[in-house]
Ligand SMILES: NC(=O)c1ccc[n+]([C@@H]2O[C@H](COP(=O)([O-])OP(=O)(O)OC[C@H]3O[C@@H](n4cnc5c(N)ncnc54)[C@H](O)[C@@H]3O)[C@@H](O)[C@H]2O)c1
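First, one chain by itself in structure tokens, the form predicted on its own.
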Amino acid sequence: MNLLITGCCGHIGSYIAQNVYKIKKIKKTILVDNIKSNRFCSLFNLNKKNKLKFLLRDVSITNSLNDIKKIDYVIHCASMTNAEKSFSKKSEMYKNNLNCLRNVIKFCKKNNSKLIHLSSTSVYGKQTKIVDENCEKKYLKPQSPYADIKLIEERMLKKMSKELSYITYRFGTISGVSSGIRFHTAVNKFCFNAAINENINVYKTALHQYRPYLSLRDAFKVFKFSIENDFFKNDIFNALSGNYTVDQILKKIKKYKKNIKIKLVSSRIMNQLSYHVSDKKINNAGLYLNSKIDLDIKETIKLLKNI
């Protein structure tokens, strides 16, 4: 079986590329990225056990994947991210991310490839104790253009249910170390600021708000599970390692960096919402995600120990 990974140089994509040999079915993997992030280091020293081929492509460009053949599975990671900065790049992000998915859908239909699509738990906006995949449409209130795009993508795929085999995972905020690691999401950003003795900026309303987090190790388990079990239900599943408050995350960081400085700040995506995201649906499918965010924090702080 052959796999295509779009956005292979990103935080998640680079982790999959390094570990894809652990997915038993996969014999060959095509890696695609436009390298606009300049993360060439994601391609350094990839595991020799993987049969990898890299192609420099911009997935947002029509027909950019046309010469790629015989692909059984696609993991689609190619997109512009960073929810907070998505306000200043709103039109660019809508155009890029939606074009990427349109072209991937076209490719999958043409090649009869099965698609793993990544969405985000940031689509939820219901102020309640717990939310799940059956959350009513009126309570899906994305707080940023990035999250709004994810909802649009989900609806695009739903319309294609009769023409395409896919699975959508709403990922919690990613934590953990990869060669393409980024530091704009909460845990990684906090770890970086702590390591260089800078203020950890926390939204004024966020300190005791619960949010879902997902370790990279659990994210990989999701991809492995889907492919090895042919788990493509044309449906949506939450994927998270646990629900934590920002305060709880900061206490985990203090285990490895005791003297951290916290500064409360305002932001456009600041809100009063606090919720737990349910993982019951994915558990019922036979997949349990419970990797320790503490270990991700420890490994991230260790990366920066000499500065």
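Keep in mind the model is a prediction, meaning the values are calculated, not measured. Numbering starts at 1 and runs along the sequence shown.
We do not show the form predicted together with this ligand, though everything after this point is about it.
- A single residue from the set I149, A219, A194, L118 has any heavy atom within 4.5 angstroms of this ligand in the model of the complex; that residue is L118.
- For the options T185, T168, Q143, S179, the one in contact with this ligand in the model of the complex, meaning a heavy atom within 4.5 Å, is T185.
- Only one of 45-53, 277-285, 254-262, 32-40 lies within 4.5 Å of this ligand in the model of the complex by heavy atoms, and it is 32-40.
- If you check this ligand in the model of the complex, you find a heavy atom from every one of C9, R57 and T81 within 4.5 Å.
- For C108, no non-hydrogen atom is located within 4.5 Å of this ligand in the model of the complex, even though that partner is not displayed.
- Contact between V74 and this ligand in the model of the complex is not found at the 4.5 Å heavy atom cutoff.
- The closest non-hydrogen atom of S113 lies beyond 4.5 Å of this ligand in the model of the complex.
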